[in-house]
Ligand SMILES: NC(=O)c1ccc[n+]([C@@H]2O[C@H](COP(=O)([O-])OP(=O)(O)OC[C@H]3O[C@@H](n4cnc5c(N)ncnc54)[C@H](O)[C@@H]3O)[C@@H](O)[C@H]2O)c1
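Taking the form predicted alone, here's one chain by itself in structure tokens.
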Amino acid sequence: MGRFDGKVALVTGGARGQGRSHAVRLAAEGADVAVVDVVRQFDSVQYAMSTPEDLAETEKLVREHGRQFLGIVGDVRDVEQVDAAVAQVEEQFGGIDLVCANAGILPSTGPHAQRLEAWHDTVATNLSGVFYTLRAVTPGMVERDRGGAIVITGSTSTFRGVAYKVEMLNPGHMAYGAAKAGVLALMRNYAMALGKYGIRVNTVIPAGVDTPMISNEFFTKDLQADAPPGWMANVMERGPVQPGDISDAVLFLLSEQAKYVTGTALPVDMGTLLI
């Protein structure tokens, strides 16, 4: 018996990284999984974004656990695409019980980050995309009257600034922090309104996670190379966490083990926010 037997999970940004880890772990514990991912490159993002091949790999890994999978190529910046994706999931699976609003970008390096396009793409993905997802899934979850759980991916940037030089005050990097702070307000309001329906809404707050978002040559060269001592330090004195470490927290928040946990932001940050 798995914690999510008979459940249907929707994961945005699930073609790779944290989203893939959440999708596969949910499948391993009994859930059928739908993934929405843009699987293409944005001009504002310097590092390589996800591909159709990444989405196919996620499907393979989910199906290895004997669960159903629906992969949807969709852009969370577009409300009509989000609405259509949610409708497709509900039609195929009969409803959605669990949601990981995880899609995100970090266009903080190179000339790409200096363009206003980077601000718009980041806010549209990391904030508007979360709102569009919550807005689309809520009516069905309420109408089906069987409760549910939503977890939004935040960041330590939700709570603190990390710009240690003027060059980091660029549209892409500033939009990332602003959007990650904004999802906290979304989470709290949705948790307030949906609690009486048995729908819980929380945020997970990772520190640096070893995914292509930060594990790339551009992040290393432009941000880490000249960082001051103690930048992004944590009390456990560890390096980036693994996607599975975040999945541990996400699956807890989605599960009945957290049946009375709602409206909270759970740091998985090795104590970064203590410093």
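Just so it is clear, the model here is predicted, and its values are computed rather than measured. Position 1 is the first residue in the sequence shown; the rest follow in order.
Here the subject shifts to the form predicted in complex with the ligand, a form of this protein not shown in this document.
Taking 223, 249, 214, 70 one by one, only a single residue has any non-hydrogen atom within 4.5 Å of the ligand in the predicted bound form, and it is 214.
The shortest heavy atom separation between residue 86 and the ligand in the predicted bound form exceeds 4.5 Å. A residue is said to contact a partner when one of its heavy atoms sits within 4.5 Å of a partner heavy atom; residue 17 meets this definition for the ligand in the predicted bound form. A residue is said to contact a partner when one of its heavy atoms sits within 4.5 Å of a partner heavy atom; residue 30 fails this definition for the ligand in the predicted bound form, lying far away.
The closest heavy atom approach of residue 202 to the ligand in the predicted bound form falls outside 4.5 Å. Taking the partner from elsewhere, every residue among 50, 75 and 102 has a non-hydrogen atom within 4.5 angstroms of the ligand in the predicted bound form. Look at 146-154, 165-173, 90-98, 194-202: in the predicted bound form, residues with non-hydrogen atoms within 4.5 angstroms of the ligand sit in 146-154.
In the predicted bound form, the ligand lies beyond 4.5 angstroms of every heavy atom of every residue of 244-275.
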